[in-house]
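A single chain, nothing else alongside it, follows as structure tokens in the form predicted on its own.
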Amino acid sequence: VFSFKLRGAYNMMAKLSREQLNNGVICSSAGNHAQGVALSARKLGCDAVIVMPVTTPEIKWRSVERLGATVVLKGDSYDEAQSYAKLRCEQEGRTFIPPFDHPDIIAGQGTVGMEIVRQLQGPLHAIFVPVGGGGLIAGIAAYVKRVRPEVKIIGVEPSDANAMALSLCHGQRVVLEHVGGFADGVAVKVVGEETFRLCQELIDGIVLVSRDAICASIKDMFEENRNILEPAGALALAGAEAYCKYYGLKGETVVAISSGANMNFDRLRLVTELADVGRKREAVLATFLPEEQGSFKKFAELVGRMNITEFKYRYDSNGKEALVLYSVGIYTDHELKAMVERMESSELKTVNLTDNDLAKDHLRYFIGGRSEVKDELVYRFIFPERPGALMNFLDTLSPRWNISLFHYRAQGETGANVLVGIQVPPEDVDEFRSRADNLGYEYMSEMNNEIYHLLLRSPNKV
């Protein structure tokens, strides 16, 4: 099933009585746990029902069906699918197989740690483990700290899905309001109760990594081994590299666990776009050029020997300055800084957009689109990837208010990242927010994002 999840599911299900197996099992999952339960059920000869959100890509639920389980698509989110699964569990007398928060699940995942210790007899500095709900790292830590207590156990989380890091910092489980969905295998709002207890006691720390760094590690793994990891599967590799670089670690043995390879093919486009940014092989910038003859040539001279990998420009007949968006490849921090200083010294304002997700996901495609729109509010919405999601949005907010901007970009996630501009008079703001809340889609304001003002607002108003 191309994931470690089989270990925990099978370990728990193999301990069920024959009567429990005859009554069947049920779980809720949007991915790898579902396949682990389905395959375990087939091996143990029991009936399995897998409840998945309706937003689950067809390739994933088809894979579960091929393993012999019954798939039920229910709810727009994992929480709704889980609630239905637990209700049906009680009604039908099935056994619920949780994804991470159960001693048998944790023990099953911990066999990864046992194999590492058996295969690596020499010195071992640290094991880097991807963290979602915490089952894998809790199991590995429980085993390794018992037999090799000197080995560091370090968790790795995406910076926008850091439930374990925040929970350890606050000394109690923290529920995230928003969870980034790029590394969907670890996108959980709250870690498990038992997994948190074990992590508090046993692990040595958490490393947070960006989406760009994850993409860079996916590319590195492909180039070196011709294997394609899913984002959660490359998480530990990105964390290990960041840790070793930060602490200047050399000559030490470390292990990074590649936990899964269930990559959605349509997500590879985004991975290729961001991988070079993550390895600092490409930077994304914006520069203001005067709308006059010769300015483009002057710009190219200032870029110098750096390689331009992307360039976007649109003539603005109403403006005295043009905004160009471009990318440069193969650079060092010193080279990039020197180029930006050359631009600034020539009175060409330049902004580095490399670390701004709004710019990379949306605004780099809006060249020539700066204008002053009255009462415009700009938000990022996460649309569920299912038929009717757009009409549901429009029925809620339009034609009550005019939509002034709309950019959708598929990223191979269960939710689509959509940038929306809406003209809402000040007296309607409370009503707008109430409707947006009732819509049920996650959303966040981008009104304070300086890159929005730079790229989309009229230059006279910036």
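For every residue, the number given is its place in the sequence shown, counted from 1. Quantities reported herein were computed from a predicted structural model and do not represent experimental measurements.
Not on display, but discussed next: the form predicted in complex with a small molecule.
J.: Is Asn162 part of the interface with the small molecule in the predicted bound form - any heavy atom within 4.5 Å?
T.: No, Asn162 sits far enough from the small molecule in the predicted bound form that none of its heavy atoms falls within 4.5 Å.
J.: Though only this chain appears here, would Phe100 touch the small molecule in the predicted bound form if you measure heavy atom gaps against 4.5 Å?
T.: Phe100: yes, in contact with the small molecule in the predicted bound form.
J.: Would Glu241 sit within 4.5 Å of the small molecule in the predicted bound form, counting heavy atoms only?
T.: Outside the cut-off, so no.
J.: Report yes if any heavy atom of Gly155 sits within 4.5 Å of a heavy atom of the small molecule in the predicted bound form; otherwise report no.
T.: Output for Gly155 is no: heavy atoms all beyond 4.5 Å of the small molecule.
J.: I need the one stretch from 285-293, 321-329, 131-139, 335-343 whose residues put non-hydrogen atoms within 4.5 angstroms of the small molecule in the predicted bound form.
T.: Answer to the contact question: 131-139.
J.: Which of Gly180, Gly278, Gly110, Gly260 has a heavy atom within 4.5 Å of the small molecule in the predicted bound form?
T.: Partner contact (heavy atom, 4.5 Å) among the options: Gly260.
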